[in-house]
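Take a look at this single chain in structure tokens; it is the form predicted alone.
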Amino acid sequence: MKHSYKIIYYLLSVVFLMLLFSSCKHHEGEYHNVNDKIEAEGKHYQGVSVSSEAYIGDIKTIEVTEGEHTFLIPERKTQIKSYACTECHSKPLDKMQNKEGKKAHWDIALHHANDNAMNCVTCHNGSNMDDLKSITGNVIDFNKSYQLCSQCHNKQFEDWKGGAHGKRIGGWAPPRASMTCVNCHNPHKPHFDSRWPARYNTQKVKERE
């Protein structure tokens, strides 16, 4: 009796091993699961080069690094119509003020913060008009004017650094290129006015009457 149990056990063991090894054998292109397929077919995969560079177009950009993030932003100074400012501001601001006649920047009205909190010299350097200045008096390049905005709008700045705030130029593939604050917001009047849709739906108006 014991002998027949041994034979049965032996036969079952053989069958189990045959099933085990036969199940592990597969034809080319057949896999046990998705992970095996990815691992097998991905061994010699070189990847595909995808870039947004071609879609940036003619926009002149500079590279900036803020914290852990390095990316491109539009170069600003060449886009400012009357830069460099020292072409007109040949003397410090306090020596150029003219109480009579038309003001130099008569067409600019500041609608940004309370008059007690902000005026022109809050951001503009009265001694060197070719640069901006922080509230602590540090020099800020016009190309990096977002550093001015970040002093008050820190949450938006952190989101912008990570790519969650602002507009991407080109696409989501590297290199990352993003608009800065002043590319979307007027620095003197950053709030967006309410606007009607591009196409006014007169039919909807009639239906609501």
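None of these values were measured; they are calculated from a predicted model. Numbering starts at 1 and runs along the sequence shown. We call the rigid core whatever largest set of C-alpha positions still superposes within 1.5 Å between the two forms.
Beyond the structure shown, there is the form predicted together with heme C, which is absent from this document and is the topic of what follows.
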Stretch in contact in the model of the complex with heme C, which is absent here, among 33-41, 169-177, 137-145, 61-69 (heavy atoms within 4.5 Å):
137-145
In the model of the complex, does residue 191 come within 4.5 Å of heme C, counting heavy atoms only?
yes
Using 4.5 Å between non-hydrogen atoms, is residue 149 touching heme C in the model of the complex?
yes
Residue 127: heavy atom within 4.5 Å of heme C in the model of the complex?
no
Heme C contact at residue 156 in the model of the complex, heavy atom, 4.5 Å:
yes
Using the core for the fit, does the CA position of residue 191 change by 2 Å or more between the shown form and the other one?
no
